[in-house]
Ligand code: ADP
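Shown next as structure tokens: one chain only, the form predicted alone.
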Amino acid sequence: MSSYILAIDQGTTSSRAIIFDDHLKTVAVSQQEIPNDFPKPGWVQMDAHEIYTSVEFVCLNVVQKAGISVFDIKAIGITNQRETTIVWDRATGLPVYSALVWQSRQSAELCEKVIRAGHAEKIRKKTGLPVDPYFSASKIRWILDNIENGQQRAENGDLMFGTVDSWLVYKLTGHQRHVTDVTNASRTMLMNIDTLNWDKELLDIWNIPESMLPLICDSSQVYGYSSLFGSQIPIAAIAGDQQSALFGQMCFDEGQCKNTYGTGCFLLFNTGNKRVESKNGLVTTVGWKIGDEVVYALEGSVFVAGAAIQWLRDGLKLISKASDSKEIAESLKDSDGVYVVPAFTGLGAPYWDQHARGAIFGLTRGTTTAHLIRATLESLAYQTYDVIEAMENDTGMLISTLQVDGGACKNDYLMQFQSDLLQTGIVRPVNFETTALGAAMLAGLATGVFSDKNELRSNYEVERYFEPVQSAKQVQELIAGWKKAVKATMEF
């Protein structure tokens, strides 16, 4: 008889449930979209109740789709959108305000106040994070300031805080367990990433009572049991989405790196059992904790990746579907010196220029829409190159291969060009569901479905391996042109 693992992948725009068998094959998938609210410019909120009911629906639906008995599900693993902040009443279990989504900037003023008070460097040293409304601490502070008697209720022990993982475990266990894992806790700006505990000095800076906070646990352990299906199933993994994808890509060893090509790009670089301080604008974070093993990672974000291809399709109407970009790019021998810098919302790592805006360089009378499409596609690879260069400079290590996932990695032209720029191999797996897969793997380790990481590796299937075909000299000329384009964009 096969054993099955249920992975919950709770994201910003949808909740998904995926059932994997004990060979990590996908058995069934269920997905439900969730609306976001935008009450004011820069504010992004969600209904915490809708987050949970959507998860409940997809879990029940996916078991039905899989046609299996709930008694064959050995564990539940959770991976989630990180930093999104929920505060609820301890007595009623009801949210006291909407969930503040990671993208929301409504606590920017609170962050500015903390920076002006001189706390930024202390916070960065303890957490590996810059002071930014992206992370949870300022969002908690904002909620307490914007509900009736918020601070008093928190100090009385009447309020509970959680990122989405905590909220889901709390609900799935019938309000019995208030926990999080180190990966999510490391994104709150309240956990010391050396001790892996809530830090009193950080809590004092934000004036947040520790009684609100969940217990910090490993990423792979049994936290409690869900009776959602009428039987007690162990909830045995929690990991933030990007860390879960790092684990799902089998990046278990120091120096391994993964890139998720989505709307933006998220790169995580495994730095082993030591945290690396970035001098190039990257974030230091916890990769996972299993027993005594703690793995750290450097994280870099590209703001606009797949969104640039959507711009070609929806904004400029140059292509009818995203996949057209591959065929058009391959119809040319090169981009004819054209570079597109898609800084639509500023530039992320390693430049961090929020004032930069998108630009096109190298236009001639011979430039066609095909050149523009190819150059836009290539911008995803150039931006990834920049982040990996920063990671290699920070760590003193060269990546041996890049593991890839996300929608845009299906584009063979892009992957080949990425391999050329990096002068290294690109590994594209058969199973693209690496975020959910990571949660399933961590849950399987905690419950004995998998014995160790070697067994997990034995189930990893590579769909295609890309190797460089252009010479290092050719590539350096292309990169030099890109760097000039980025510099000009920033100086404009």
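The numbering used is simple: start at 1 and walk along the sequence shown. What you see is a predicted model; the values in this text were computed from it and never measured.
There is another form of the same protein, the form predicted in complex with adenosine-5'-diphosphate (ADP); it is not shown, and what comes next is about it.
Residues with any non-hydrogen atom within 4.5 angstroms of adenosine-5'-diphosphate (ADP) in the predicted bound form fall in just one of 384-392, 273-281, 323-331, 353-361: 323-331. Interface residue remark: residue 214 is not counted as part of the site for adenosine-5'-diphosphate (ADP) in the predicted bound form, having no heavy atom within 4.5 Å. Contact annotation: residue 406 falls within 4.5 Å of adenosine-5'-diphosphate (ADP) in the predicted bound form, judged by heavy atom distances. A residue is said to contact a partner when one of its heavy atoms sits within 4.5 Å of a partner heavy atom; residue 261 meets this definition for adenosine-5'-diphosphate (ADP) in the predicted bound form.
Proximity of residue 373 to adenosine-5'-diphosphate (ADP) in the predicted bound form falls outside the 4.5 Å heavy atom cutoff. Though adenosine-5'-diphosphate (ADP) is absent from this view, in the predicted bound form it lies within 4.5 Å of a heavy atom of just one residue from 130, 337, 346, 306, which is 306.
Checked against adenosine-5'-diphosphate (ADP) in the predicted bound form, the residues 103, 310, 301, 192 give one hit for a heavy atom within 4.5 Å, which is 310.
Contact residues in stretch 374-393 (any heavy atom within 4.5 Å of adenosine-5'-diphosphate (ADP), taken in the predicted bound form) are limited to 377.
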